[in-house]
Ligand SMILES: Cc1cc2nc3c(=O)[nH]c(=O)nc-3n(C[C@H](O)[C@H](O)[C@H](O)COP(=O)(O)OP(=O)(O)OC[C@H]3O[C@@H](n4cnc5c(N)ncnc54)[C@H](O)[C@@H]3O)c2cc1C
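One chain follows as structure tokens, the form predicted alone.
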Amino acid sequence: MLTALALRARGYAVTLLDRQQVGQESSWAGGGILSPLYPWHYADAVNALAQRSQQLYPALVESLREETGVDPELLSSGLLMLDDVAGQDSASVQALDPVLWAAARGAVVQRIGAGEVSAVQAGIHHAGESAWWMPNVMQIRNPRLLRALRAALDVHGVHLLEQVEVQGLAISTGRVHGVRVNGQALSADAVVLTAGAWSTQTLQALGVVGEHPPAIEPVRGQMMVLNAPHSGLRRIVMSEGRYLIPRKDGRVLVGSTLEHVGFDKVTTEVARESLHAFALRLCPALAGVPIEAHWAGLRPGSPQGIPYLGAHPEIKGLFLHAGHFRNGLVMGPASTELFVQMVEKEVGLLNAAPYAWSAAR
């Protein structure tokens, strides 16, 4: 939806096709933390998009609120990390000292002592000697953001076709001329694939995977939400590679697992018990509050978490914008900005080379 709106703003006529309902996959299922988790573990290509998006989000949210009346609830909660564990997220590179990492990038990371943790967030169980505090980290309520983006499609005249699956591409003389849907041809000067975890599979099904297929695979994540208006949580808190996210209305999101199980979105009792036990261990005030929902989504996993942005190396007019792994929400506005600059052959603020279809990862 971000890509469609950005292209529409440049004057293109845009049709957005979704085989189900728009915005209901990983973007809906995520937590909405607008920072990579333990960001100093990530490649510069990930952090560059994340930091640019952090600059873009306030204006994006304000414009969506004015245009659609939907408030995506952008909150500056801060991020308190009680350890320095990247968990199972091997999208990491060599770790740096967090304070030095932040100083080199204009970010703010503070090392605080164990006695200072309760001043940042009371009621948290922490047995360590210190913690990391990022006071400027924001969160967004992703289902509300998606609702606002969906409404903005109508405002800006993006043609949306849902419950429609692309069956083929119209290609001749090395150029794409549109797509085939339900036995009909939809003509287009360009086609952009934004199919998340299904992107590589879709390229294979369409027969255009190319010599260097993008390495995008599904990685299941399970989360739950607790209805806890009196928990006292105000900050996003991380430990053991997992997190608690307090929403404006008192709900608390608990996440998340990292599971390589293919395209299986089934929730499991093992994950439910593990996430719930983690939440109670980290914040004892959550004991006794109801589990309101438990769900799973499929992240578009990619090497180092670096997304693919840009043109197919062999077929003119075919583009890819996918593979954001755990950071689609935080990288989305900036990766969309960079993608459109690529399409328009403009020189932007960021170097486009690390995100190319055939870039080494």
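Each residue number is its position in the shown sequence, starting from 1. Here the structure is a predicted model, which is why all the values come from computation and not from measurement.
Not on display, but discussed next: the form predicted together with the ligand.
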Within 4.5 Å of the ligand in the predicted complex, do we find a heavy atom from each of 15, 154 and 341? no
Partner-proximal stretch of 111-119, 172-180, 72-80, 197-205 relative to the ligand in the predicted complex, 4.5 angstroms, heavy atom: 197-205
May I ask you to choose, among 64, 46, 33, 320, the residue with a heavy atom within 4.5 Å of the ligand in the predicted complex? 33
Which one, 306, 298, 334, 60, lies within 4.5 Å of the ligand in the predicted complex by heavy atoms? 298
Might residue 283 be said to contact the ligand in the predicted complex, defining contact as any heavy atom within 4.5 Å? no
So in the predicted complex, does residue 325 come within 4.5 Å of the ligand, heavy atom to heavy atom? yes
So, residue 27 and the ligand: in the predicted complex, are they within 4.5 Å at any heavy atom pair? yes
Quick check on residue 246: any heavy atom within 4.5 Å of the ligand in the predicted complex? no
